[in-house]
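Next up: a single chain in structure tokens, the form predicted on its own.
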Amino acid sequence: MSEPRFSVGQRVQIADRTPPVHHRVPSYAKGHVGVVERVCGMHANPELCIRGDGKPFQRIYRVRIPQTDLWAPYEGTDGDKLEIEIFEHWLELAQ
């Protein structure tokens, strides 16, 4: 098994793309920057499950994004966060 590409506390950006296959990234999160909260396990890639077994498996990361960054205007507190699990191939280092 390969080492995680990202580590806890690292800033990452969720890719903003729409492939013509099933994928598990909600549109409201695409393009946003968050912080890796947890490195999760390896799981079948849903983009490959439709035509096979989902291999090679992909690592999942729990990413924390401030709600104020997601929704304009956001009426909650600055401390409100979304925690979302994202497959590694959807993440890149944030600028």
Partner chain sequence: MTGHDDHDHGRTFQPDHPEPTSDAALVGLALRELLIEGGHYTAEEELAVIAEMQGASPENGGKIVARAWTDPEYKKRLLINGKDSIKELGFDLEPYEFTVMENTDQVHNVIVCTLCSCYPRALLGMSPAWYKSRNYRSRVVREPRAVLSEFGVDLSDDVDVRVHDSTAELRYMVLPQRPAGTDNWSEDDLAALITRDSLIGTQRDLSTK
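Owing to the predicted nature of the structure, the values given are computational and were not obtained by experimental measurement. Residue numbers count along the first chain shown, from 1.
Unshown form predicted in complex with the partner chain; subsequent notes refer to it.
- None of the heavy atoms of residue 20 is located within 4.5 Å of the partner chain in the model of the complex.
- Proximity of residue 51 to the partner chain in the model of the complex falls outside the 4.5 Å heavy atom cutoff.
- Under a 4.5 angstroms non-hydrogen atom cutoff, the partner chain in the model of the complex lacks residue 33 among its neighbouring residues.
- Although the partner is absent from this view, residue 41 contacts the partner chain in the model of the complex, with a non-hydrogen atom inside 4.5 angstroms.
- Shown here without its partner, the chain carries 62, 75 and 82, all of which come within 4.5 Å of the partner chain in the model of the complex through at least one heavy atom.
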